[in-house]
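Only one chain is included here, represented as structure tokens and corresponding to the form predicted alone.
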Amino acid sequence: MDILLSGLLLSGTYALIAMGLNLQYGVARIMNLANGEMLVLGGLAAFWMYTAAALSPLLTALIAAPLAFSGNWLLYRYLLLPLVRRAKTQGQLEVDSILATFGMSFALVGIMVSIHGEYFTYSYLAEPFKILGQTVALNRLVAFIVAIGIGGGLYYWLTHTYQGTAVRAVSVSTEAAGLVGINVERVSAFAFALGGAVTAVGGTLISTFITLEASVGVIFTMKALIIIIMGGVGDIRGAIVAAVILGLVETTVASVIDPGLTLVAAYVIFLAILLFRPQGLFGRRA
């Protein structure tokens, strides 16, 4: 029971990490390797606001979300959109976006280190909480609940609103979406910005129970990539299910075998998905 509960709470963390990149890659077709750094920036904002003004990270998340949305929209509009327009194939766009965001990730790490330093941590809601006879940290439980709320809200928005339907149409085919009157560039920019906002909110919550460092973003990006490929690119429902699977597997490996092998377990899952079901659990074959 302890392994199951810990795995579920860890899955909430992974869902927060993956949902933002899923929107950016699944809809805007941008493989954003700086996604992890955006998460760390959200955590750094929560650290600053809590230590300087005793502001709750939950309130910081409400501030960070629109700021991250605006910043990512500008990033897409002035840096990534020119790459989209010049790319003749999807493959060329992926290569260009990987190179551009890979360099951006190093720039963001350098900026964070120069402003604050390498590590930052604080204590918030680090209190024991009983669930089904098991003791868990309250901050992890809050992050899990928020992750489920964000995931459910995104799924409802994507499946029950006109704008969400337009986003899903672009994720399926940019050409077909354009033919029915959808402004593909505008929808892609919105999805990229929304993905950045979700990631930043995840960072503010994750910072309450994880010691973050400026250069740890690459690990978060790798976990997010594993989850969205496992669940199906562009599928929020798949991202949540894949996050649960990865969280349970890593918790089991850490508890039964060795904590140092959790990354190995994640990589084995990644290879298995690529070999046997490359479209993901909920994805469709090309």
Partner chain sequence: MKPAELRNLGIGAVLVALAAIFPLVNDGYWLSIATTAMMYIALSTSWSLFSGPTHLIALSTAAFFGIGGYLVGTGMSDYDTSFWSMAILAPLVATAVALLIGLATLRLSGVYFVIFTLGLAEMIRNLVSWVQNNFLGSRGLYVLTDFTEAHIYWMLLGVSVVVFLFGWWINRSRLGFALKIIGNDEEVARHVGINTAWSKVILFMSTGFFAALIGAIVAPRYSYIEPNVVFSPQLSFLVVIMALLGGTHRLWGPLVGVIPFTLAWEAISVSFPNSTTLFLGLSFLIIVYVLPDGFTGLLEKFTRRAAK
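Positions refer to the first chain, counted from 1. Fair warning: this is a prediction, and the values are worked out from it, not measured in the lab.
Not on display, but discussed next: the form predicted in complex with the partner chain.
> Does the 4.5 Å heavy atom contact test between residue 86 and the partner chain in the model of the complex come out positive?
Replying inline: Residue 86 belongs to the contact set for the partner chain.
>> Can you work out whether residue 152 and the partner chain are in contact in the model of the complex, taking contact to mean some heavy atom pair no more than 4.5 Å apart?
In response: Result no; residue 152 lies far from the partner chain in the model of the complex.
>> If we define contact as a non-hydrogen atom of the residue within 4.5 angstroms of the partner, is residue 185 a contact of the partner chain in the model of the complex?
In response: Result no; residue 185 lies far from the partner chain in the model of the complex.
> Applying a 4.5 Å heavy atom distance criterion, does residue 117 contact the partner chain in the model of the complex?
Replying inline: No, residue 117 stays farther than 4.5 Å from the partner chain in the model of the complex.
>> Exactly one residue in 240, 31, 61, 41 has a non-hydrogen atom within 4.5 Å of the partner chain in the model of the complex; which is it?
In response: If I apply the 4.5 Å criterion carefully, the residue I get is 31.
> If you check 169, 141, 100, 210 against the partner chain in the model of the complex, which one has a heavy atom within 4.5 Å?
Replying inline: None of the others qualify; the residue that does is 100.
> Which one, 127-135, 202-210, 176-184, 78-86, holds residues whose non-hydrogen atoms are within 4.5 Å of the partner chain in the model of the complex?
Replying inline: Every other range fails; the passing one is 78-86.
>> 67, 235 and 249 - do all three of these have some heavy atom no more than 4.5 Å from the partner chain in the model of the complex?
In response: Checked in the model of the complex: no contact with the partner chain for any of the three.
>> Only counting heavy atoms and a 4.5 Å limit, does any residue of 90-122 reach the partner chain in the model of the complex, and if so which ones?
In response: Sequence-ordered list: 94, 95, 96, 98, 99, 100, 102, 103, 104, 106, 107, 109, 110, 111.
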